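The chain that follows stands alone, in the form predicted on its own, written as structure tokens.
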Amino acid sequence: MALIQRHPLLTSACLSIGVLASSSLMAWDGVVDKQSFTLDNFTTQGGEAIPDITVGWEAYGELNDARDNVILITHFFSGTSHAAGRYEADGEPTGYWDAIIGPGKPLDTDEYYIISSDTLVNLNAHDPNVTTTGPASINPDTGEPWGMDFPVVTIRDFVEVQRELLESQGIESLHAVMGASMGALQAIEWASAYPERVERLISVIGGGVADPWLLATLSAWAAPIRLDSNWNEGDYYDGEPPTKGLKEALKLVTLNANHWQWANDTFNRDWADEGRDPAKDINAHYAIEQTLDDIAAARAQTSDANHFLYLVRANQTFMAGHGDSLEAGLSAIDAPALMLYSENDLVFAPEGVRHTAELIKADGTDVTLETLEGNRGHLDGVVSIDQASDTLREFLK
């Protein structure tokens, strides 16, 4: 959920419809086209109607005739559908899971059709490579941005839009569904809501419910936006956006997505500016402060504050099965599950991941737990994913 995509600091440690397909004669070359999918009407789990929903998607590999070689990738809080490859226009950036998706890689594009979509209320609403419907979109009934009039959406709503996307391509079942963080929530929800359609579940750095610690963490992320006077109760599209609050929110996300080991190993107590001692200059910064500020500033350029708040709520309301019982939601999962997690995760507590695994396998469903090593904490679910290459390859077979 907390992952920040595409910033150099965070990636240096490693972050047949309209798709360039591979074939037995020519492997996928890594170039991907961004597509869009539109629903004329969509009804949320809360019973609210949203007209003209559009989300972006991309795919890698070729859909076979039986349409049974599909792996769905569901993305994290700050992520997009760009899981692998590169856009032809500029050649960069590569997808966040490029290490495991491609010809001959664990998610082999010579064998599988791998598809990923932008979620509703995607954080990156102002990224030209993102297509998403949310508060920043125009409400066709008013001709103005939705703002906070946009209906509350849930992880289950994200899944339902993905289901519609897949069905539009004649896809009724998934060889596997796989996602990290908020993507893990979507993957778990897929396996719970549609057990007859999901053959394998791969949950990476995520659990079956937003526990009280996560509820509070998400609330803390949202607070700077709400405290920015420019937020104006979400009505800022004709004025100055709450950029300061959004930057502070994104800074918290980045910090929590990492781990103190990374911070200490990378920065020590270095100053941001060698000529400015924080002990003598109240406006001077330490290197880690400046780095987090720079990441947040870059990220804020393509992000939307209201979308951030709606994503927070979607994650807060998550419980597998979208019901009143976590046990019932997880017991509905029939697919063998692979759960990859970090013992240093500061977002999804490892105890919660293990508890999720216990509840899934309580009725005999096969569950494999495997840890990812590294000093990045939660973020190891992206930058260290190649550690699980052999496990993924075997699990998918």
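Throughout, we count residues from 1 along the sequence that is shown. Predicted model, so just to flag it, every value in this text is computed and none were measured.
Below, we refer to the form predicted together with another copy of the chain, which is not included among the displayed structures.
The candidate site formed by 279, 346 and 349 is fully in contact with another copy of the chain in the predicted bound form, as each residue has a non-hydrogen atom within 4.5 angstroms of it. Although the partner is absent from this view, residue 102 stays clear of another copy of the chain in the predicted bound form, with no non-hydrogen atom inside 4.5 angstroms.
Among heavy atoms of residue 259, some come within 4.5 Å of another copy of the chain in the predicted bound form.
Another copy of the chain is not shown here, and in the predicted bound form it never comes within 4.5 Å of any heavy atom of residue 98.
The shortest heavy atom separation between residue 216 and another copy of the chain in the predicted bound form is within 4.5 Å. 313 is the sole member of 175, 126, 86, 313 with a non-hydrogen atom within 4.5 Å of another copy of the chain in the predicted bound form. Of the listed positions (193, 296, 198, 210), a single one reaches within 4.5 angstroms of another copy of the chain by any non-hydrogen atom in the predicted bound form, namely 210. Residues with any non-hydrogen atom within 4.5 angstroms of another copy of the chain in the predicted bound form fall in just one of 260-268, 78-86, 106-114, 296-304: 260-268.
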